[in-house]
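Shown here is one chain on its own, the form predicted on its own, set out as structure tokens.
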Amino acid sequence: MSAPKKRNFQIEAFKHRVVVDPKYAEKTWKILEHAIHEIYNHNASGLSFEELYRNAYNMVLHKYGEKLYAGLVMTMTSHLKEIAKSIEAAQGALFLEELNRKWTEHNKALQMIRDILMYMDRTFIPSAHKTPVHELGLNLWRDNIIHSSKIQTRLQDTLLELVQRERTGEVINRGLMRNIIKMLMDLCGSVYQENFEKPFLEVSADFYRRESQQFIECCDCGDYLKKAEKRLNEEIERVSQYMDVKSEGKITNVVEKELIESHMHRLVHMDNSGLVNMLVDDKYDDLGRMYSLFCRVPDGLPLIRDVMTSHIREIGKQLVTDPEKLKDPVDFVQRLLDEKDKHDKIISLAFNNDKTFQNALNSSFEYFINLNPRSPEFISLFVDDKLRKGLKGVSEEDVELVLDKVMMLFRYLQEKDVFEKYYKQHLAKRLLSGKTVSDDAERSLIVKLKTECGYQFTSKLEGMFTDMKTSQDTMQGFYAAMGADIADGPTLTVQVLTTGSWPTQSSSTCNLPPEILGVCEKFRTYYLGTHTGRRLSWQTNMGTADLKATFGKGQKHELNVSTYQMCILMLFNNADGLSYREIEQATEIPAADLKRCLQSLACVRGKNVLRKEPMSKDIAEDDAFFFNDNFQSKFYKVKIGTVVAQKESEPEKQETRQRVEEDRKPQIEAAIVRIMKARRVLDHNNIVAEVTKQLQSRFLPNPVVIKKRIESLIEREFLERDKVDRKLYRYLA
């Protein structure tokens, strides 16, 4: 079978020349020109678009693209000039409507023309670098209509006037505005910016400049801010309705500058209605409005923050330096907490929980709390009051809330070690008198202090709780061991306190009654027999006693008194009357304590189991005291407290301060040694800075004290001065 035979094809040139009618281009253009006229005159329904497209196609094909393009420009221009006259002739409100109508018609005509000339658009225009038909139509509209000398200014003025009328409360045709402004945006180049946006922003700035001046003269701060907020929202809404979305930022900048930035200092400091008044009166809405408006302008929020800080510091300073408010420590701390709560709420509700405002509030509190050197003592007294009685019947959550607030104030203290000193004293009294509301609350606070300051801060406090538990076990062992030997005597409960854990007390000598002394000696013998290497010293100033007393007419009461008061009352078993000096000699109670005890036994109504002659509030050394047979009380158990000052007296305060200063010395020295061990060589200023940094969580060390501790370490050969530079120290291993 043979393979099929291959055929070769050849394409040859056309044998006969195609002769084109010399008037072809002119005739064809006339057809197309007539079609364009008909389109503009709304007679397009009778046209054959297929035929027109073919004519345009052939013109381009026969290299008459240039003629076609030039004819199009000329024809459209002449029509647009006629349209311009029609728009110019429109009067008043009809002007924009006519412009809008003609623009719509032009767009429709342009669409049809582009369809007819599609081939030219695709081939001739790109190769000849001409403007495409649709874009050409827009440019011609811009040049002949929008930039017409009789239309341009009139259009701009009309648009701005409508915006102005809307600002003054009139209702305008927003749909028409939207169409006209959309037309400006659709036109190529910066037509929208030059013919509307730029003059709109200038006119708006003038308008709001004048209006802000009127507002500021006649409104208070709150009303002014409401008006400013309203205007700002109106402009944002206006842009969304009929302007370019990019205009929003520009117009809001204008409003912010003219209504807020230009007047913010005057607004903040406005008499009777400015920021301080809003803070005082808790005007959350107005403060929130001020925050949201001022955060839009440069330096707006720092201004609010600075004025708020100054105000808080001022009221805080007044609070901590007012002698009247310092009389009641619990009330003083409660006022601090109330101020903190008040401003926390403002920052939360009005200032968007702004961290910088929270930091400003914290620094203000730290500033004025430390202006009062007694703040650590007062905060401890506040805790003492709450844990003694203030939290009775309160839910666990509320207890935690109070403790958290206390911890917040504690964090502001620079002298945390002073607080520790007082807290330890107050805790000791609560534990020894059994007056604490809740062991859980006590322990919870210690855990919080431990979290805040570390184990060292609370180790002794935890030791106090341990001692209380151990003492219970010791007493059980004592009674089990002694049994019948002490059955007839008074019941004794002893708390054995570890010296290092509890606040040091000056051990005052006091002559105990013989009945008590016997049991105490038995306990001493038992305790030292079960524990080797220990020494007991009685702290009679810290104990309490329950006495049974019989008054006139056989009336019996149980008296709850301090150990000192017990010693005094037991003397009256053997005498009806005793002078102050006789009591002092028999008991050897220190004079200050003795006077306080006698005052509470003889001068407090309802608790006066003794009678004093002459009768007066104060105790004098020549007073005489008698057993009060006529004492009456509706209660069987009568608690006779000791008249004590809630706050420390001046000498006690000096003594506590001295103890604190002494306790600081080893801490400062330890910090210096730690630093020098690591650095080996360091100059004086850097040592001071490093020591301050290390110890500031407990207290702010005084540079003078640091210098003295360095001198002490040099004497003890831990450090030495450099031979050349005397300000340089070297560590001696």
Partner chain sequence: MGIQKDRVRLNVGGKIFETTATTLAIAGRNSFFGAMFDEDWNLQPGSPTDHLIDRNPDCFAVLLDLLRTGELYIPSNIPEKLLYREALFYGLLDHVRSAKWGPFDGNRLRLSRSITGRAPGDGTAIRAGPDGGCCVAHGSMVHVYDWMLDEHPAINLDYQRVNDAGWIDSDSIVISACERVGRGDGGMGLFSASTGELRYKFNVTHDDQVKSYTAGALSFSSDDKIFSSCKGRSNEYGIGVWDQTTGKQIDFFYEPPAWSLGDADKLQWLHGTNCLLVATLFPRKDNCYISLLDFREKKMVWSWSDIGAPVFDEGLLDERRVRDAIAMEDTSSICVVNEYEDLGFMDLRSTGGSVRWSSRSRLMKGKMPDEPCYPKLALHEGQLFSSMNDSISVFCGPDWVLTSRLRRSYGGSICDFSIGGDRLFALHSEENVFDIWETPPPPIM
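Residue numbers count along the first chain shown, from 1. No experiment lies behind these values; they were computed from the predicted model shown.
The form predicted in complex with the partner chain exists for this protein as well; it is not shown, and the discussion that follows is about that form.
In the model of the complex, is there a heavy atom of the partner chain that lies within 4.5 Å of any heavy atom of residue 26, even though the partner is absent here?
No - in the model of the complex, heavy atoms of residue 26 and the partner chain never come within 4.5 Å of each other.
Would residue 634 sit within 4.5 Å of the partner chain in the model of the complex, counting heavy atoms only?
Although the partner chain is absent here, residue 634 would stay clear of it in the model of the complex, with no heavy atoms inside 4.5 Å.
Does residue 50 make contact with the partner chain in the model of the complex, using a 4.5 Å heavy atom cut-off?
So residue 50 counts as contacting the partner chain.
Indicate whether residue 230 is a 4.5 Å heavy atom neighbour of the partner chain in the model of the complex.
No.
Among the candidate residues 185, 326, 536, 112, which is the single one with a non-hydrogen atom no more than 4.5 Å from the partner chain in the model of the complex?
Looking at 185, 326, 536, 112 one by one, just 112 meets the 4.5 Å heavy-atom criterion.
Check each of 492, 512, 118, 408 and return the one that places a heavy atom within 4.5 angstroms of the partner chain in the model of the complex.
None of the other options qualify; the answer is 118.
Among 247 to 255, 300 to 308, 120 to 128, 148 to 156, which stretch has residues whose heavy atoms lie within 4.5 Å of the partner chain in the model of the complex?
So the stretch in question is 120 to 128.
Heavy atom within 4.5 Å of the partner chain in the model of the complex: which residues of 56 to 94 meet that condition, in order?
Contacts from 56 to 94: 57, 61.
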